[in-house]
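What follows is a single chain, given as structure tokens, in the form predicted alone.
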């Protein structure tokens, strides 16, 4: 279904995002609430951000592939100020977390963690993929899976 969405539609739906020929399929996946990461079909290496060539074997046989969406917080920072963004309130420090995905050591994706107090969002905690709508489009986010607030 999202194959019918033109590149111009993607630019309209995701204003200000780093849309390129290499990332368009990833944004189409978001419209279906699927987190896609490039994977080399020759050697199996995952890569993020998306590029047209595998960094391990130099193959051009890379395809956007859905990930399970589970991982561990690798890095977290809390923003006390920043540019205005829909759904972002800096009156409480806003968490930005880099998640190491389970598919491969070193495969990381950066977003935010929702549904937990900031004191619980720490390096080493397990998370799972979730989705929120921001400015009318799906945004991949993460939730704590252990010790999560109810």
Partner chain sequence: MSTISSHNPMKNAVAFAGAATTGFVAKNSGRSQASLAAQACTDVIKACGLTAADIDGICGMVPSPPEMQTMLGIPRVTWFDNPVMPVVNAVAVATAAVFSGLCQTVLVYHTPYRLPWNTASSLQDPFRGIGMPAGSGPGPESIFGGVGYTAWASRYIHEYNVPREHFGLVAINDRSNAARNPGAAKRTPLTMEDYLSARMIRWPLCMLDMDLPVDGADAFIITTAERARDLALPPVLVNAVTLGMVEKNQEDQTPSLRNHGQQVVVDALRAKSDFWTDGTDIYFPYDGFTPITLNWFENTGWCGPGEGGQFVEANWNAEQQRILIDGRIPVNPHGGALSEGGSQASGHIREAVHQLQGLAGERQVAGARTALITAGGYFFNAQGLTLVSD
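Residue numbers count along the first chain shown, from 1. Keep in mind that this is a model prediction, so the values were computed, not measured.
Below, we turn to the form predicted in complex with the partner chain, even though it does not appear here.
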Would you check, heavy atoms only and a 4.5 Å threshold, whether residue 96 touches the partner chain in the predicted complex?
yes
Given that the partner is absent here, does residue 58 sit within 4.5 Å of the partner chain in the predicted complex, heavy atoms only?
no
Residue contact check: residue 53 to the partner chain in the predicted complex, 4.5 Å heavy atom:
no
Contact flag, residue 106 vs the partner chain in the predicted complex, heavy atom cut 4.5 Å
yes
So which of 123, 63, 68, 43 reaches within 4.5 angstroms of the partner chain in the predicted complex, heavy atom to heavy atom?
123
Can you tell me which residues in 76-90 come within 4.5 angstroms of the partner chain in the predicted complex, by heavy atoms?
76, 77, 78, 79, 80, 81, 83, 85, 88, 90
